[in-house]
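Single chain ahead, written as structure tokens, the form predicted alone.
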Amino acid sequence: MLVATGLTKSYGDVQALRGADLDVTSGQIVALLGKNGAGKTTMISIIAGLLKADSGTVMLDGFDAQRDLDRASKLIGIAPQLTGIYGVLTVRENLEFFANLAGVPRSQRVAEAVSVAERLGLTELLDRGAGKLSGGEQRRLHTGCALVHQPKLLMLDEPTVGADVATRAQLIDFVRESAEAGSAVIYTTHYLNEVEALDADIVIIDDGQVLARGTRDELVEQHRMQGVEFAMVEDLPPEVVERLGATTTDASTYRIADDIPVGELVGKLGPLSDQLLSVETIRPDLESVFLAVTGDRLTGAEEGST
């Protein structure tokens, strides 16, 4: 469905994308993972035709999407991170408006709006002004507006940011249903439990480059990592770091590849253990995969502008 190859994009001296590739087939969910400024939003914006790449190609359903933006727009549904609905319109009017923009025939708009509202738990709110919805309801409507024309390629950028538990569950179900109906889905998130709930294939991007891709199990097997990470009040002397067999990951933060007990670590630190702030065990999972691939953690990060 989508084959994006060699995408590059610079903002002045900042290289947001450095030859990044991405492909998604119909019915597949791809979780695009990357920390702040990794290039996720830039990539999605280029694929959607909202930005022009400096170089590279975007093939959509067999044609060059960058050369035929009108045709591509009919196949793409995108829900950016920032909510983009019209507060002065009702839920129904928002859905029908976006259906119209996507080229849905007038005779089908009403039915499509009702269908999407039902799937997202918005049926009873169809005639309520969008500006009077709760935050979670607005997130659901925002996603619904991207799906009302049944796109072949659906791109959701941090769709559950700020959403309540019920909204998260509904959106996850909705994404799964969309893939089962044949849509190719690109899903960006910092919540790794959502990636596992969606059983998504994973693409890790960092500094504008795709560094790893595969299923959860494949990536955990390829980038198996375990050990302990600990933080100190002050930097450890170099000879202590060497004696521990540790590596420095950040200011006064260190990592040991061996899965040693906390008590053993305290013993090895000796008197310096009084300066120990925290100790965290690293287990083979998606978080440790991301750490192994990028050298940084994903959990708790927030999306930036690139």
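Computed from a prediction, not measured in an experiment: that's the story for all the values here. Position 1 is the first residue in the sequence shown; the rest follow in order.
Missing here is the form predicted in complex with adenosine-5'-triphosphate (ATP); even so, the following discussion is about that form.
None of 267-275, 252-260, 58-66, 28-36 except one has non-hydrogen atoms within 4.5 angstroms of adenosine-5'-triphosphate (ATP) in the model of the complex; the exception is 28-36. A heavy atom within 4.5 Å of adenosine-5'-triphosphate (ATP) in the model of the complex is found for exactly one of 16, 289, 24, 20: 16. Think of it this way: in the model of the complex, adenosine-5'-triphosphate (ATP) has a heavy atom of just one of 194, 96, 137, 158 within 4.5 Å, and the residue is 158. adenosine-5'-triphosphate (ATP) is not drawn, but in the model of the complex it has a heavy atom within 4.5 Å of residue 190. Within 4.5 Å of some heavy atom of adenosine-5'-triphosphate (ATP) in the model of the complex lies at least one heavy atom of residue 81. Applying a 4.5 Å heavy atom cutoff to adenosine-5'-triphosphate (ATP) in the model of the complex picks out 39, 40, 41, 42 from 39-66, in order along the sequence.
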